[in-house]
Ligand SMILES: Cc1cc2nc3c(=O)[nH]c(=O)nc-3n(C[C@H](O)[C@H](O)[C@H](O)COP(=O)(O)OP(=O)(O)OC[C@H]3O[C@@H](n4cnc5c(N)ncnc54)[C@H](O)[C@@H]3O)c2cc1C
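To begin, one chain is listed below as structure tokens, in the form predicted alone.
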Amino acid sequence: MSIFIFGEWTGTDLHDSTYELLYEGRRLADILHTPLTVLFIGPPEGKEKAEELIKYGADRVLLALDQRLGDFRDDVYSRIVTQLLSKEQPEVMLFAATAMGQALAPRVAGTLRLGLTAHCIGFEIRPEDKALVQIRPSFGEDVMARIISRTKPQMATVRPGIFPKAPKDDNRTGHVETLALEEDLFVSALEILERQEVPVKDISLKKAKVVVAGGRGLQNKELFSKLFELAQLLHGAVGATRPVCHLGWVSEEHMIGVSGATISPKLYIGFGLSGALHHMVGLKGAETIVAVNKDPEAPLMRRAHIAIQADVREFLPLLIERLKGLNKK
């Protein structure tokens, strides 16, 4: 019996989510008194980084290395993972809910006819049978679902940013093994024609120290756009709720919550948003939460460290003007 996690290579480094999976995987492995294994698939230049995962909590690292694995092809990657899981029969297999993880995990689950719980935000071990309790917001996103798989390995994808990164311990030791890969594993229906770099934003929502976010209480796109002015004054980033993105006030890359980003700013200010469960999931790591809302009973107002009962249509422009005045002094 063992716990497996997938180590994701970005092309230049290990994805941050790999270290987050190591943190939670180590916790679960210690409860079950079982080894923690990382499966790394990628090019040979990723070997050194992957081997270091022992120091971050892994007991074993399995390396599937080949230059042809430098580009992610989900049919090739899933074939390698499927073959390994069939051989190793781990108790649990976890992937990050990144673009790669969301493409890979369903393919593996479908091939092996396994259950798969998506976008988990927490795990527990059921005492009576050691089953993995997989916790995620329900499809209505107003209650937390607790799911137990009937198949093994118990498979799940994990929301990035939910767990902290595993700490490094230079004294840890473990086993590193390079897998022998058969040539037929590399047969693919996909061909990489070209690569295009995605422009990096000045301030990433996930890395911002200050996030100002808006909900439907702002009532229109024009008032919502003032959040960008406020964010610039505070050297922060702009976030939004899902309904606001669906209304077209801002692009979905600004979405916080179950369907968007999980953030850990030092300061989060929410304007005119209720704080429904699917949004609050994304605020798990926020240090200080400020809420501005007319409704004192809104969930975010009750959760906030500082709750300001005010009409956001009046409060937001006044706050911006006040900050501009302070910057002039």
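The model shown is predicted, which means the values in this text are computed figures rather than measured ones. Under this definition, the rigid core comprises the largest set of C-alpha atoms superposing within 1.5 Å between the forms. For every residue, the number given is its place in the sequence shown, counted from 1.
Not pictured, yet referred to below: the form predicted together with the ligand.
This chain lacks the partner; the member of R79, R73, K152, R242 within 4.5 angstroms of the ligand in the predicted bound form by a non-hydrogen atom is R242.
Scanning G42, P265, G57, G272 against the ligand in the predicted bound form with a 4.5 Å heavy atom cut-off leaves one residue, G272. When contacts are judged by a 4.5 Å heavy atom cut-off, G217 counts as touching the ligand in the predicted bound form.
Contact annotation for V258: at least one heavy atom lies within 4.5 Å of the ligand in the predicted bound form. For H305, no non-hydrogen atom is located within 4.5 Å of the ligand in the predicted bound form, even though that partner is not displayed. Among heavy atoms of L28, none comes within 4.5 Å of the ligand in the predicted bound form. Checking 45-53, 32-40, 59-67, 278-286 against the ligand in the predicted bound form, the stretch whose residues place heavy atoms within 4.5 Å of it is 278-286. Once the rigid core is used as the reference frame, the Cα position of L22 differs between this form and the one not shown by less than 2 Å. Once the rigid core is overlaid between this form and the one not shown, F95 does not reach a Cα shift of 2 Å, moving by less than that. Once the rigid core is used as the reference frame, the Cα position of R68 differs between this form and the one not shown by less than 2 Å.
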